[in-house]
Every structure is written in structure tokens, then in C-alpha cells.
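Only one chain is shown below, in C-alpha cells, and it's the form predicted alone.
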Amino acid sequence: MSKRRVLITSALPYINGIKHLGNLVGSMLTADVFARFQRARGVETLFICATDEHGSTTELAALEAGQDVVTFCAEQHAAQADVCRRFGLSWNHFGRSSNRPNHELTQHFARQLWKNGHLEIRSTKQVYSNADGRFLPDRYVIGTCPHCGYPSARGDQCENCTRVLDPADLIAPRSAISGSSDLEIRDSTHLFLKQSQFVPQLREWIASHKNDWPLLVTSIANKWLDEGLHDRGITRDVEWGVPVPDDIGDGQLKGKVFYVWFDAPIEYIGATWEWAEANNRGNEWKSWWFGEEARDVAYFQFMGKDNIPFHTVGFPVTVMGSDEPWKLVDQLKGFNYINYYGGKFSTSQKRGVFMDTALEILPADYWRYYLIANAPEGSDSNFTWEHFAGVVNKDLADVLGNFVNRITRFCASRFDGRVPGEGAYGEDEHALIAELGKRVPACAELFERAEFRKAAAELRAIWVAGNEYLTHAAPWTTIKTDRDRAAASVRLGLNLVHIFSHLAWPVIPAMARQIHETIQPLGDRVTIPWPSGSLDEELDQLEAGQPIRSPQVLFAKITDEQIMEWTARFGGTET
């Protein structure tokens, strides 16, 4: 690998509520696994994320919670930071889009776009509530859906039938703030980003990544361009957001704030600025994002497919239009959806498994492994409790956990819990080492390409190869007639435990640490490095006489009773 720095961002979790497993695997978890892998390989890595806090949805959520929006966002950010920490997400910094750096940067980009002629003031028709004395964003208008009859549809989309709506489509529309139906349509002045001017530049940029980005990403990006890219309004009539500075629009935009989808991607840079301030690094944040200093940075973005247009069209237009040398993404990894029994996970409808409740019933690594092994890369994937239990029981309990427990317990009972030094590796040992000499680099290459399902499958295949070797070598039998032969098998088995912990660390860091410490204490080390030497050396590095310990059961199997309990608690009916 060439000398480089790796910058990683995952799509910002919206401030409104704890995220579900679909949100987790589609951005944050996969980005974390990739970040851990890069660190394990010794690459300087900066992994950045933040809560996306602005917009009308946040104002409404705070209103429903009976809180002012500042308090609501502060509490929600703390809750999300806590649950993500407990899931092992290893951000260098988890920022907030409402913080000062993002405000300053958003206004800076807007001024650049205005100066360069890429912004324009236009008048639009918008709902005005006489009772509230204000314009209402689409989501502030509620009424009956004309398609399905859902009585609480919002003016942008019906959450029941998912149809995209306009406030004028609603039957008996009313204000979400006061409940008043005293509404009228008035003119409102807004700032528009002239995206249509950038179509040739966007096509060229997207085409330059056709061999790097997944087909899912390029197809969605090109579809937006093929259907005709329209100029986009980037201001809103709400109070909670980044204010439009007075020097844009000669005072015509007073009281307006920037649209959340304009300022949210800029927070990737803003959160990096926060990281530098929090760690007394001055202007080091710029070296990751701006000009010549960022030439050695490889920038990776991770997100669900619904966010792809904003990152392949909207945000790139902001960067390109600034006419400044800001970093554009190099590798964009987009994901399909993970469904829950055939239907969508839904934050608003509380459908599916959410991160906090997931941790109430099982440790984080159970979920991490399952989600990575079933990452929705080529197509949507489907969560069921039966499938989840099957993967956990087979891969983690029967394969990895069983291997570690078998070999360490046998060593404890027959070799006094110490690595045996007698006996030389024979044909079977060298055959396994040769096999893993191919599989481990293949696994590394798949992680490097962010092909997570394939990487997890290769990881499991490595564990399986170790189990098959141990079953065939059967030291518990050979020790009766050939202690040296049994000792060699045990020594290789313990070396396998050691290397398995290194390989598993990006995916299941807590259990990898526990497995590693059956062989060697880690102390205060936070990263378990990826194997870097030859497999011959890696699989014969433990010192003879070195003490090991046998852990308790690493992965408890999920029972039929638990499946029934969780199905009843969370729902489990095919949709």
C-alpha cells in the first residue's frame, strides 16, 4: 500500500431519535469496520461523523417532546453518542452540525457561490398560517393523504403509503404547530442554487469514477442527471438552522436559514474542524480537506442509497461552485436497504430493531458480525430473527467460539495451560499455513475494497479452515500415542487463536480483544494490528512455555425461546 492518509465519513445520523439497524449498517458500522481495518494496517486514519441537527423536522420533534430545540438537540446528541460508543463505533470525532464551525463554513460556501454567480433569488409559492403568523415548511402542514386516507400525512410525504406529496394535495390541511386550518398560499423569497449549470462537469466527474464506485452509486447519480437536474432552493422559512448572512441578497433573505441538505454535508468539514479544536491541533483540519496539503488524502464516504443523490450531485455542486480546492470524495460506498421481515425499518413508525434495544438483548459484536456478513451491497437484504440466530449460532458460536474454547481447554488440561514447545510442524500444518497464506491476503483485499459481505465470508472461511484442521489433527486422540505430534497441533491451534483475533478485530473488536487476551494481554493498546509478516512466521510466533488461559463461553447460542420472545416484542410478520 502506498503512503497515504485515509479520511472516512459516514452519512450523518439525523438528530431525531436513536437509529435502527438499517441506518447502522448502511453507513456508520461499515465505515467503522473500514476505519478499524485501515488503522490495523498502520494507515493514518481520520474517521469523522456528526449529528445532523437543523431543519423543520427537528423543530417539530422538539415541539412534540415539549422541549426547546437547543435542549432537544443536546440531549439527542448525547444519547446517540452513547449508543454508538456502546456499539464500538470508533470515530475520531462525533460532532454537531449546529456547532460554530459548520455555521462559519456554510456561510463561507454560500458567499463563494453568490460571488461566483451560482446563486439566484427567486419567489416561490408557500403555505402561510395566519394563526401562527409564519410560513410553514412542507412538513409543518399535515392533513389527510388523498391516496390512502392516512389522517396525519405531512406536506412532503405520507409516512403510511410513502407517496411524495405537496401541501396542496392534502385533504383538510392544518398547521402542525397550532392545528389551525386558517392557511393560505403566499409568495416567499428564497435562494436557489443553479445546479443545472453543472451537469457537464458532474457527468465528467462521475464518469471518472465508473470503475471505482459501485454500480448502485453511478446509476443513481446518472439517473438524476438523465431526468434533468433542476435548480434547488437552499433556504427555508424556519428558525432552527444556519442563518443566511446579510451580505447575500441585499437584505431580501432576512430571517431565512439554509436548507438542512445544504449545510449537512458541509458538516463533514465542520466536524473535522471541531476535532482539531478539541485536540489542540490548530488548523490541522485543513490538511485533510484543502489544497496541496490534502493531495495524499484518500477520502471515503459511506451511506445508504437514499443519500447518494445529495453526495454525487448536491454537495459536489457546492464544492465545485466555490471555485476553491476543497477535497471531493474519492471512493463513495453506497448501500441498499436492510428490510425487517420484508418491510422497511422505520424510525418514524418504530418498526424493526433499534440500536439501544438491540444492546439490551445481546452484546454489540453479535449485531456487528451479523450486519457485516449480510451487508446490503448488491441488493436489499432481509432481517428475520430466525436468520439472525442461525448466523450467530453457526458462525460465531459453532465455528469461532468453539475453536477457541476447544484448543485452549485442551491446552489447559493436558499441557498445564502453556504453549507446548515440543514437536515440529508436519505436512498437515504446512498445508493449512499455505491455504491461509492465500486466504488472509484475499480477506485484506476485500476489506480494502470495502466489499464487506465477501470479506466476512472469507473471514469465516479462515475460521472454518482452522476448525477442519483441528478436527483432522485430533490432538486429544494423538496425545495417547504421539505427544510430540499432539503438541505441534496444539501450538498451531493456539497460534491460530492469536491470528484469528487480529483478523476479527475490525468486525468484532470487543470479542477479538477477549480472544487475543486468552493468548497475550493487550494492556492499554486500542488497535489490534492486521498480520503483516509471512504466515509461516505469524503461525509459529508464540513462545514455548508461554501461559495461556481458557475463556468462558465466548458466544452464547440464541435459543428458540429467545427467538419467540424477540419476535413477539419487536414484531415478526411478513409484510
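Heads up: residue numbers just count along the shown sequence, starting at 1. No experiment lies behind these values; they were computed from the predicted model shown.
The following text describes the form predicted in complex with the RNA, which does not appear among the structures shown.
Every member of the trio D380, R460 and T471 reaches the RNA in the predicted bound form with some non-hydrogen atom inside 4.5 Å.
From the list 419-427, 278-286, 318-326, 226-234, the contact stretch for the RNA in the predicted bound form under a 4.5 Å heavy atom rule is 226-234. Within this chain, G143 is remote from the site of the RNA in the predicted bound form, having no heavy atom within 4.5 Å. In the predicted bound form, no heavy atom of M564 sits within 4.5 Å of the RNA.
For the chain shown alone, L362 is not a contact residue for the RNA in the predicted bound form, no non-hydrogen atom being within 4.5 angstroms. Although the partner is absent here, I499 is not a contact residue: none of its heavy atoms lies within 4.5 angstroms of the RNA in the predicted bound form. Listed residues R406, R351, H147, H209 were compared with the RNA in the predicted bound form; R406 is the one with a heavy atom within 4.5 Å. Site annotation in the predicted bound form: the residue of Y259, F415, W505, W367 reaching within 4.5 Å of the RNA with a heavy atom is Y259. Along 277-307, residues K305, D306 each place a heavy atom within 4.5 Å of the RNA in the predicted bound form.
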